[in-house]
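Same protein, same chain, two forms; see structure 1 and structure 2 below, as structure tokens.
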Structure 1
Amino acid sequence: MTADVCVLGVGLIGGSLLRVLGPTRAFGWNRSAPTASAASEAGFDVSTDLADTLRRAARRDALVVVGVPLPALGAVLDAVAEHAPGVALTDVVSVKGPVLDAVRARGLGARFVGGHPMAGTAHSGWGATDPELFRGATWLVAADDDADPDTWSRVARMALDSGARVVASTSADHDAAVARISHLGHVLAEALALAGGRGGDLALALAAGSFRDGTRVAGTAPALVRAICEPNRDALVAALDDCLADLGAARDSLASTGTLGPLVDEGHRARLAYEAARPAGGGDAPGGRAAVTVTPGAPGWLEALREAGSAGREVRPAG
């Protein structure tokens, strides 16, 4: 029998999770009444009473998934600490260090394991939810010091049940990685769009596929881009510094010698490595290698999770 899941906030990620797990296993809460009504009309059990929902989660020992944006996190965690301080807890917020800090500050760390499904962000809200959103996506399940093995297993099983592949790392390593492959990409897309805009109508008329693809995520609502990127300040500043150094070197090389220098070859090699790391089938880990099975709670299990993650390999809980 699979355990209950309580989803707090049924926007794109939380709502899609509710849909894929189904109403017999998952229930939830949403602050906005119209969204809760829409979810209820679709056959899901979504309340607007946070205290009541949390007490119910505690009674049923449900895994509580915090699916609200980072600015709303503190108030929701305050309610968890008040009404369900002992529940197993995870989240789906795009940055992990600040969530971990907020959870620990409220004494909720003992049964908390952070998570982050790497799924789309261009649209938001219940109307954009999709039970297939996580199919084939990577779901980061954190392997921080003192993680509770039982909660880790429950979060990983929920991710697998949603169709995702599980990859593990510390929260800090996650934040450094997504600064490079997600947040930096948002910033560069905005900069490329702005450069095109500065070229005026002629430039926009000449823009073709490379501009369309390179600026796609600049179509995301600015408030959402900020909410995703800005909480990861330190890691994003470091990624931007590296990137500015690479771009500055290419610029200086082009100006002085007429060639872009090593950037083109290095970037091409990295893109080929990324393509090679894509899984060929749903059941295999990135790179086509089998998933690493880890027994949560066994000696060295966190180190085994982190080692697999640093090699880009999928993990699965034993049993």
Structure 2
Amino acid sequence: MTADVCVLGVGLIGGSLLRVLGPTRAFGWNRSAPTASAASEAGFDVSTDLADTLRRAARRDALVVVGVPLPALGAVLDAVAEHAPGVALTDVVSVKGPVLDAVRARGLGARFVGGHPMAGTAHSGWGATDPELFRGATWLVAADDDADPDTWSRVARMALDSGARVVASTSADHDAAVARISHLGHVLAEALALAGGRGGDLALALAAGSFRDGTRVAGTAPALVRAICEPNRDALVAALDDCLADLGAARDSLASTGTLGPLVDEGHRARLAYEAARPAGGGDAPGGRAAVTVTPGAPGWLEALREAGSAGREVRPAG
């Protein structure tokens, strides 16, 4: 296990991380006093004094995990720069490029490695936290050019300790990928929910599994959806353009020939490819593709991480 972890923001993701690491290993901060109190009543060391929490993290060389929404990121990073500029630093924000830019702008890049656990629910806040949230999930640990080897190892081991499997890529590649498999899904869920609602009470009474599953993330608070999706604008626009082209072609084919064209067959094949790419037991990929072990800091380590990531391979730090 890695050393102390300091979690800044104990909502769904940060709070679940606090729970899985446990009160002997992790402590934290939250801006909201009721949330901090709820976490404290549950046995966790959570303060509302950000400066004091950061100074404590610096004294203990804790890995600081920024778990606040992107709109609050700048103020928190300003506090890190003032009170604990030398700490090992990571985050759990759903978009990586803007976080990396904000970190570098404040001179905090030397010990920063971005992260993103691909886990969550439609709910938020301390009350939604779950120590099993990351079990079996994929946790992106960024492999950007200036990634610190020691911090990368600490973030990866924290993710593994949380039950996740680790995948690596650059921040830019991550953002392009999640636009298609996460952020676009939020937009389509909202559109599907709206289409169903326009069908009136009868449509909603007849709605069953496909509508329920397809609209699940539309239950997420709108402010959170905006905070997740809108900072990844360019990549999401590109994904939307592709999706709209596919839907437009299917619509035109249905109107002119009575068929949905190639969309159904191609979508079915894509779903089967997704199912085949899921990890097998023990965290290894299907077909006997074991996790790639990398020694952070060794020659070519970043290239090895990126190569594994582009192939969807799990990675682990050596030792």
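Rigid core: the largest C-alpha set superposing within 1.5 Å between the two forms. Numbers given to residues start at 1 and step along the sequence of structure 1. Please read all numbers here as calculations on a predicted model, not as lab measurements.
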Form predicted alone, is that 1 or 2? 2
Aligning on the core only, does the CA of D252 end up 2 angstroms or more away between structures 1 and 2? yes
Once the two forms are fit on the core, has G199 moved its CA by at least 2 Å between structures 1 and 2? yes
